[in-house]
Structures are given as C-alpha cells and as structure tokens.
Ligand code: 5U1
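The chain that follows stands alone, in the form predicted alone, written as structure tokens.
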C-alpha cells in the first residue's frame, strides 16, 4: 500500500469514527439512552485520537477529539449579539398569570384561549450558540443583552452541544439560544472532588456552572460535566423559521440539539396554571434545579404581533416558584450607605442556608419597614430568598422572642462620614446629607456605578480596586480614573504591572461610548437605563439636554415632575457640570450623529395598533411612532388619536369606528410619519 492509499484509507476510517462517536455521544448525552459500553466508546475515541495525531491535516473543528479543552486564554473577547438577548418579566401569583393571559388576548384581539408553549426556567446561564453552515463557530454569554463574552473554547467541551448539526442542509447562519447548567448529581461529584483536594466547595449548581463556564483554561471546564438545553433562537439565515415555538424545539431535537422533555402546549390561563402545578409537584425529583416555568405564545406570527416592551417580550412570562425560606437569629442591625446616600437598615444574621446559599445579611429596606415588621436584635426571624434577589427578613417568630430583644434605633449621623441623616417628609428613605464629595460610601457607590457594565463598562475596576483608590485619595470623581498612571496602579495591593496596564487599556477603550451610556453613568437619581436612552433620543446631544428647562424635560416620554427635578438639580449643580467637562476633556466622547434629535411632530398623539400590517412588524411600527414623539396604547378610547389597522383587525377596529377615531392603514401611517404637516 502506497502512502497516498494509506492516507485515503485513514481518512475514511477517521470519518467513520467521528460519525460513530457523534451518534453514540448524542444517544448518551442528549437522549440519555447509551448505545454502547463506556469502554467501547473509549476505544473508538482513542483510535480517532491516534489517527488524528498521525494525520494532523485531517483534524477538523467538529471532531469529537476537540472537546477536551485547549491552552488557557488571556481573556474573553467581547461578542455583539445580532439579535439582543432580552430578559423575561416575572409573575409570582395566579393573578399575575391570568393578567398576562388577558393582556395577550387583548393584544391579539382574540377572545378565545390563546395557545402557549410551556417549558422550564432553568437555574443556569444563558448562552448564544452560532452555527455557520451547520458547524459551531462561536458561543457567547448573554452579558448585558447586547454584548456578551466569547466562551467558545469552553462551550466546545460540553458534550450535549453538537459541534456539527445533524442535517445535510443546515441553515447558513443559526443562533441557538439556551441555558448551560449543571445537574445535581454532577454538582455533588464536583464538590466531593473539591473536598478531597482541600478546596472551597461551590454554593450551588448555578454558581458551579457559572464558575466553570468562565474559566480561561477550557481544560478545567472540560472536567466539570456541564449540560445544555436549547429554548430559543436569535439570528436565522438560510432556513424558514417554524410557525410555532414548539415546532422550533422539535426542529432542534432533529438537528441533534438538546431540548428539555419537560414541556407542553396548552391553551389559556387554566392550561398554564395546570402545567405550573404539575411541574411543582415533580420539582424536587428533577435532575437539575429550576426556579420556575416559562410561558410563551406558541405561534411565532402572534409573538411578532405582540412585540416587546422595554427589555422584555410581551408574548412571554416567567412564572416563578415561591421564594425559599429559613429561620435564623438577628445578631445585630446596622445601616449601609448607598451611592445616592440612602440609609438602609441591614440585619446581621447567624449564618443560615437558604436555597443553597449561606446568608449572613438581609435587607430591612427602611426604618418604617423595621417598625412595621417589629424586627428586633435577638429575634428569631424568617429569611426569604428568591433566585438572585437580595435576601430579606419576612417576619419575626413571636414565641421565640427573648426577653432582652432590643429595638433598632436609626442613627442620626452617617456612620461613614458623620454627616447628618435627613428624611424628607414625602419619602420613606433616610439619606446622608454629606454628598459624594464628603461621604466615601456615596463616592465608592457612585464610582462603581460609573464603571459598571451597563454604564461605562470599564473592565478590571471592581469593588476592591475602587475601594483602594478612594481610601488612598487617588480617585474622588469619575474624571480621576482617566488621570491614573501605570506606576500608581501597579503599586496597589494585588496589582502587578500587567494588571495595571489592562485597567489603563480598558479606560482608554471606555472613552469611546454612547450618549445613553454616558447619561446613565452619571448616576442621576431616578434616571435608569431606559430613561437615559429616552433622554438621548429626545434631545440628541448632551448640550441640548444641559440647557433644557423643566418644561422641555417634562415633554420627554415617561418623565414626570420628580424625575425632571432630579435631572435639573443634577445638571444645574456647578460641581456636576465641571465633572462633565472634565470627562470630556479627558477624551470621553460619543458619536452624536448616531443620536438624531426627534422631530416630535406626533407629541401628544396616541396610537393603537391592530391586525397584521403588510410590511411592518408591530414592534417596528411602534418604534417609528415613538421616535416621532407619539405613544402606543393597547386599548381604544375617546382619547385615542389614530387606530392603525392591518389584516384581520378585530374588536379594536370596531371600537374605533364606533367612537369615530380616525383609522390609518400602513401607507397612511408612513405618510403621517414622514410629513409632519
């Protein structure tokens, strides 16, 4: 046999081995139905490894041998999601779910029971998998919804994720959305290995999965037995999207992508609640942790008609299980000072495990809440924790109250800076009067907000480093970050020259930002991400916002008197104006041409959308209306300015005709948007 013939023979054998290993791996990891003994699988795997070592030119990215992990990465690269990975609104009670079903019915003009797809809400990490021509090429975390971290090397080690889709005609591009999680049994084995090695144990499977997925060394991830379930889709090119969500999951299963068997299609609120009850009775026996179930309108066309609100879809809701509770003792009650000066009473607790997490502190919210619940130092109390929500004290146990239990007294002076604590008459929250210049706690909180991911997104400036910078007097305002040098940073605790340079590089990158991020980063009270985006769209430039009067700010959608006063107070403060100029002088900038000022010729106009438009999706039409200053409502009334009607318009169209409300088709709407007169 000559060399060429031998190469061809080995190539054919390699292809056969890959197909066999992929087939057996799918049966084992996805279907949970092993087809051969482990020893036989290992023999095939070893043979493939040896042949690939012999013929390195035949190694491909989708080979089963490429799951073992590679050399450590220096850092995770950033990945921009083509389609944002949005969050889902929560429901906690039967009333919440019936209200959701009612809103969906009204939004669809449908009086009968809506068809829903029901699935589980996994307690893991959301991931986007990108397949190009059927081959896995990239995996990214959810991140802030728009930008995530590239964890491809780690994802490739998860056996339930196919490196190549099981089809001869794959889509050109396909983004699969799903959850990475760790099964309970795998979690127990991992913690046993941690104990045997004298290492710290993981608190719960979710923390273990998160820690495993964010390892820079994928060889460590490969040892952690992570799993994956798909539940959604992002960008799709080169294939038709199935008509229903349930059909999408069936398609995934055909492609070799793992989907959870615990799912169902039901009708109406009663069907949703029955699914919730059924899963609740079996929750403890499941192989993995869940913290609720998820309901989605099943028909994709109806999902598109309902669209989105803020950062969440109108067509889906997460029905959370009741929070987990435990009983412990209040050792003390003291206060924390937030970035806005808010004084929050915090119960210091005897350590107790709640939902797999050891809790030592729990919020008491404010002084009125402490009085209402009558929580005293020394009490036995019930502590509640739901998912990632900060633990709270629910109530004390009366029969266990000791005779020497002491009442909490709100301090009159800030424990950090000594400034007077004040409580405005119309507010439940007391605040330190020192401000960020005098109070280090407010300063640290404001600085951490400025560098946070959703604000300026400065990698490496975490809580410990910011505390050092403030305590040493190196940073007083956000502008001071941009004055830091390599020597100053590298002399701090746990900072070497390389780490210091990474921080400086991140600061340089952060100088190029967006106007909404910059407004949000300033930490104006009552101005969250959504309001920051609205302000940026409305005014177009920071200069226009800074010279706006109260009337002009009140004209911004969803900005009321309290928010307007907060914005004016911040922007008229000389120290804050100086801070903004210092940041600009340091090189912080954004492309203001990307935020065009709105014409607002539809200010004060209310629109109702009904039926299916020929070209525009409902959320696209809503975005155009809102960009011109209009407001979109879900119901028709005498105050409605226009009803925009498409095919299969229902009761809303009839109501508009009854009330004499003008009705527009898509063409008329576009003309109104383009021609203010």
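Residue numbers count along the first chain shown, from 1. All values derive from a computational prediction rather than experimental measurement.
The same protein also has a form predicted together with the ligand, omitted here; what follows describes it.
Q: Does every residue of 87, 313 and 316 put a non-hydrogen atom within 4.5 angstroms of the ligand in the predicted complex?
A: Heavy-atom distance to the ligand in the predicted complex: all three under 4.5 Å.
Q: By the heavy atom within 4.5 Å rule, which residue out of 520, 539, 252, 231 makes contact with the ligand in the predicted complex?
A: Of the listed residues, the single hit is 231.
Q: Just give me the single entry in 337, 461, 439, 120 that has a non-hydrogen atom within 4.5 angstroms of the ligand in the predicted complex.
A: Flagged contact: 120.
Q: For the interface check, one of 93-101, 79-87, 374-382, 361-369 should have non-hydrogen atoms within 4.5 Å of the ligand in the predicted complex; which one?
A: Of the options, only 79-87 has residues within 4.5 Å of the partner.
Q: My question is simply whether residue 296 lines the interface with the ligand in the predicted complex - judged by any non-hydrogen atom within 4.5 Å.
A: Result yes; residue 296 sits at the interface with the ligand in the predicted complex.
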